[in-house]
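Next up: a single chain in structure tokens, the form predicted on its own.
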């Protein structure tokens, strides 16, 4: 009997030690994973803005996150924005017509704001009991010397198989600066070609007016246009060719028209909705004379 108790105690201690080691390892690796995700996101963002090792990021440039939440109670629904004020964070609540319902200063560490779980806890604490705040999306307003120079937008939409996740950049007038495909499950060799430069770069330079009516055409992609989109020719020659096709619709991927249309419609929707929401947000900020960092 004594031996049995000894074995049980040893097994219990071994399990506790193993659980401690595994738990510690998970915490460390999870932190490293999140750090790597943030680093990769930053690389994509700066690349979309045209910065690289050959074109360093200016010290005067800043990225300002704007988090949008859907706030609801038993009777009504509102839009909440967690954003950077002149002195810390602000949570601004608007009704569906754009009227300001509430404006609160938020004391929270910036590192916590970057983590979704921590940020959600903070926001739900702000809206109070009886209300629920669900994260909707995140956008980034880019400034240089305090002036807006670009917007970075994340989004997801339905593809041929599941969802397609993207990040895109526009200038202050909502002309597309670049598009990156972050995730998808489209078929290799067909819909998966949405990742390729010759497809993604067709969107680059499209103005807001062009985007509104942008369509997909089932025509062969001209060879000279393909080379320019892929960057396989001299920059000066590529610029001329890209200008030549600048007002054209998007050439569909061969055998993957549905995937092509999904990206086209998804990008259009993201930009149009953002432009509409930003106008409402800017109007509310101006009317209430709320000072923000962007």
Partner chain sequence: MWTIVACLIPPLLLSVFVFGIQVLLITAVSVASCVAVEAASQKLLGRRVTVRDGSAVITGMLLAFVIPPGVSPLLPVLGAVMAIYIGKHILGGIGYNIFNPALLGRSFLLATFPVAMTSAWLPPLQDMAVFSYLGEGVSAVSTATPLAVIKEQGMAAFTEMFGAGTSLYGSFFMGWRPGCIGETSGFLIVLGGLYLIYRGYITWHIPVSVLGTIALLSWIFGGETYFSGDPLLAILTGGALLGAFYMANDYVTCPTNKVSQLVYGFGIGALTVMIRLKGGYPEGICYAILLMNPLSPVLDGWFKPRRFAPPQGGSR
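Numbering follows the first chain given and starts at 1. What you are looking at is a predicted structure, and each value in this text was computed from that prediction instead of being measured.
Absent from the display: the form predicted in complex with its partner chain. The rest refers to it.
Check: Would its partner chain be touched by all three of 160, 189 and 257 in the predicted complex, meaning a heavy atom each within 4.5 Å?
Finding: Yes, the whole trio is in contact, each within 4.5 Å by some heavy atom.
Next on the checklist: To test your reading of this chain, name the stretch in 249-257, 235-243, 56-64, 222-230 whose heavy atoms come within 4.5 Å of its partner chain in the predicted complex.
Outcome noted: Only one stretch passes the 4.5 Å heavy-atom test: 249-257.
Original post:
Looking at 74, 218, 173, 99, which has any heavy atom no more than 4.5 Å from its partner chain in the predicted complex?
Top reply: Exactly one listed residue reaches within 4.5 Å, namely 218.
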